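Next comes just one chain, in structure tokens: the form predicted alone.
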């Protein structure tokens, strides 16, 4: 298979397979989660100011106040915010990505200049490397980490790296690097529903639910 055939395959059948597995996996995991059911809370509500699902979503998205956690672990908070925000810009505000999304679901929006996206890609990769180094160098984080943590880091990092290299025409011919970029995205789509990366779909819902449950008890979390 030459490079053009490889590119044609990943842009055609490969993408169809990856998207199908991704959608089926997401639907299955969501059904699995929401079909668990919860016992009705018969206790009398004890609502308190700031105790609700909405407040919890907002509060848990910010560093804990008054605990000095940003000072104690700046890489976890600052690096984590930077690379998540950077990923959002790169994935959803890069014109070619918007065109791809439009071709799949018929929705489009304005993109940002490619120079800005290039910068965000570099910043995102740098933040991810720093976060990884911090995980490896801190004994407690290293002890708590397992193969899945490093694997999900890798499948998230590779699409950003290969995409940036394709745009910059680095290392390999553009056609080959573009095909590798698309393949890395497809691998990410396939593994996302079945790994910790699925928090992209459960993060806000789980925070809201915990806030609602604890808010019913008058506990702000």
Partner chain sequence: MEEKQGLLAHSLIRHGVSRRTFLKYCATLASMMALPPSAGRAMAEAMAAARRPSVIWLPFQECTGCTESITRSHSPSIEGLIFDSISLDYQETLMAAAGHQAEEALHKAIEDNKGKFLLIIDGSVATGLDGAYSCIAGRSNLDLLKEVAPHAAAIVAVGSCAAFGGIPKANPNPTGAVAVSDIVKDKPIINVPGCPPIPVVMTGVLAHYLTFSTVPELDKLGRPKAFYGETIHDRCYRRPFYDQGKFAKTFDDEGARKGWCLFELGCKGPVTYNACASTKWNDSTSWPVESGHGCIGCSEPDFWDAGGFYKALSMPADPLKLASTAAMVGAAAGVAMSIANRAKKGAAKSAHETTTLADLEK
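No experiment lies behind these values; they were computed from the predicted model shown. Positions refer to the first chain, counted from 1.
Below: the form predicted in complex with its partner chain, not depicted.
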Review point. So in the predicted complex, does any heavy atom of residue 153 sit within 4.5 Å of its partner chain?
Key: no
Check your understanding: Does residue 175 make contact with its partner chain in the predicted complex, using a 4.5 Å heavy atom cut-off?
Key -> yes
Check your understanding: Would residue 27 count as a contact of its partner chain in the predicted complex, using a 4.5 angstroms cut-off between non-hydrogen atoms?
Key -> yes
Practice item. Find out whether any non-hydrogen atom of residue 100 is located within 4.5 angstroms of its partner chain in the predicted complex, and reply yes or no. Key: yes
**Study point:** Sequence-ordered list of residues in 21 to 35 near its partner chain in the predicted complex, where near means a heavy atom within 4.5 Å
**Key:** 23, 24, 27, 28, 31, 32, 35
